[in-house]
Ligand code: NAP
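The form predicted alone is given below as one chain in structure tokens.
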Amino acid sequence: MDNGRRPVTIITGASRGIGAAAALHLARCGHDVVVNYRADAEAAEQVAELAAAEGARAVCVQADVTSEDDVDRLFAATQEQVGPVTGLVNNAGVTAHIADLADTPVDVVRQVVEVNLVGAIICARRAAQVLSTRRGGTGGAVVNVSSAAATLGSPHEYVHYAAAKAGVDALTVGLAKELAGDGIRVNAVAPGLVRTGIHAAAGAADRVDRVAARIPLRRAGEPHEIAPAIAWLLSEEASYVTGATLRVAGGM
């Protein structure tokens, strides 16, 4: 992968929160970035402009990560507009609803599993096809954004989300072993409670302040505190790291 060119990294769900912070931090680290978004084009453009101000080539590509055709188009657009893909940050995610599982509509369960797990699998699958040295690629790295919920279970909040993120952890371990001989490293970051819009989108705008006291560090994290972990796992400094999940959760 080290051919003297800038890394080209796709960040899914990068119009806000951890994805936006990752795009900006990676731009500062010398990456060219593709800011993927599903619906908020204006927010994505703002992220791309900030990344470009850091010296990166930065483009926005709309794509629904749960659609195979959209994901194929996302990778093709990256190749055409920026250059050969070297990395993927599988960040797109949603909680959608906070309640006991018994009170969570099935369509919400399906949405959460589709975005957080199926979407991650579809994107990782395409990255494997494009990056694999055995298939003609130059190698690279994938970082999945999991969650501390994967091991905590998140009772009375979103056990379906926790289950989907546990699937992301299994994806990370299995795919890392599967692709180790193909020049691709696969790792994950597992954030804890982070101050992003995902909580308000699920109808619980006060959740961060309400839950922060449970965390050993006694505060929520900020998106910019997660981004460096993602960047490190993508970097050559982590060249012997694959199949790992790095917990960034304030002690949870």
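Position 1 is the first residue in the sequence shown; the rest follow in order. It should be emphasised that the depicted structure is a prediction, and the values quoted were computed from it without experimental measurement.
Only in words, not in the display: the form predicted together with the ligand, which the text now covers.
*Asks:* According to a 4.5 angstroms non-hydrogen atom cut-off, is residue 87 in contact with the ligand in the model of the complex?
*Replies:* Answer no; every heavy atom of residue 87 is more than 4.5 Å from the ligand in the model of the complex.
*Asks:* Looking at the partner-bound form in the model of the complex, is residue 82 within 4.5 Å of the ligand by any heavy atom?
*Replies:* Judged by the heavy-atom cut-off of 4.5 Å, residue 82 is well away from the ligand in the model of the complex.
*Asks:* If you check in the model of the complex, is residue 196 within 4.5 Å of the ligand, heavy atoms only?
*Replies:* Contact check for residue 196: yes, within 4.5 Å of the ligand in the model of the complex.
*Asks:* Residue 60: heavy atom within 4.5 Å of the ligand in the model of the complex?
*Replies:* Taking the distances in the model of the complex, the answer for residue 60 is no, it never comes within 4.5 Å of the ligand.
*Asks:* Please tell me whether the candidate spot formed by 17, 36 and 64 is one where all three residues come within 4.5 Å of the ligand in the model of the complex (heavy atoms).
*Replies:* Per the other structure, all of 17, 36 and 64 touch the ligand.
*Asks:* Any idea which of 48-56, 23-31, 209-217, 188-196 reaches within 4.5 Å of the ligand in the model of the complex, heavy atoms considered?
*Replies:* Selected range: 188-196.
*Asks:* Answer with one of 94, 162, 124, 176: the residue that has a non-hydrogen atom within 4.5 Å of the ligand in the model of the complex.
*Replies:* Of the listed residues, the single hit is 94.
*Asks:* Among 109, 171, 115, 128, which has any heavy atom within 4.5 Å of the ligand in the model of the complex?
*Replies:* Residue within 4.5 Å of the partner: 115.
*Asks:* Let me know which residues along 140-156 have a heavy atom within 4.5 Å of the ligand in the model of the complex, or say none if there are none.
*Replies:* Sequence-ordered list: 145, 146, 147.
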